[in-house]
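This document opens with one chain alone, in structure tokens, the form predicted alone.
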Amino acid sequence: MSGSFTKSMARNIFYGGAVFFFLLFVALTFDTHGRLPDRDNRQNLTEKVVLGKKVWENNDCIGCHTLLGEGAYFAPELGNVYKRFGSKEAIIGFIKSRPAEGVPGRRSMPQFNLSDEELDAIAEFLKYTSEINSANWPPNIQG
């Protein structure tokens, strides 16, 4: 029976493909874990950065902003905000300058009334994330 495809052949192709892709997945996982120390900026992870992450989470910043491509696309990407603003003081000044009610007729960031410690921590967290080697992710797509 030339040209016929048996159950046995189909099963062998399925199992062979499953094993191949499982091994490929394992190899890529090991490759990724091997590259992380050079890319993830872990040497600069401090208590202040951790506090900044908590401020980020407690105020649901990701509900409007993206960070390294993850989150909502309502407000600007913040993975590179430190590089754009140039200093922690500029970031803190921007956050503090937000009006309490927002800008009528425009989407704008609300005033969160963060303490000086929280402002410094969120700025430190954003500085930390800007120093992660993201291999230029997310791409800057502007028309």
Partner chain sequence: MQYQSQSVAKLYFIAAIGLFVGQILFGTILGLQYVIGDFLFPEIPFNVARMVHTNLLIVWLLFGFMGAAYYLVPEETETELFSPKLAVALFWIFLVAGALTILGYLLVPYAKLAEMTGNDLLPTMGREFLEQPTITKIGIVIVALGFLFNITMTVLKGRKTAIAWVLLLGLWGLAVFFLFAFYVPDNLVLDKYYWWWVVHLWVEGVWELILGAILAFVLIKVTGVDREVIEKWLYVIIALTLITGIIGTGHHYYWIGTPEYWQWLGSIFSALEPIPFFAMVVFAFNMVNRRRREHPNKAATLWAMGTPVMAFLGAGVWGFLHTLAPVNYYTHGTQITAAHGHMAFYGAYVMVVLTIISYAMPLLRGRAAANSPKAQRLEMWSFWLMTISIVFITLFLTGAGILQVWLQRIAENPEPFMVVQDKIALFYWLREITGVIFLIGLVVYIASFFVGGDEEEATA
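Owing to the predicted nature of the structure, the values given are computational and were not obtained by experimental measurement. Here, rigid core means the biggest group of C-alpha atoms that superpose within 1.5 Å across both forms. Numbering follows the first chain given and starts at 1.
Another form exists, predicted in complex with its partner chain; not displayed. Remarks below refer to it.
Although the partner is absent here, Ala90 lies well away from its partner chain in the predicted complex, with no heavy atom inside 4.5 Å.
In the predicted complex, at least one heavy atom of Lys54 sits within 4.5 Å of its partner chain.
Its partner chain is not shown here, but in the predicted complex it comes within 4.5 Å of a heavy atom of Ile132. In the predicted complex, no heavy atom of Ser115 sits within 4.5 Å of its partner chain. Taking its partner chain as positioned in the predicted complex, the residues of 64-89 that bring a heavy atom within 4.5 Å of it are, in sequence order, Cys64, Thr66, Leu67, Leu68, Gly69, Glu70, Gly71, Ala72, Tyr73, Phe74, Ala75, Pro76. In the core-superposed comparison between the shown form and the other one, Leu28 has its Cα shifted by at least 2 Å.
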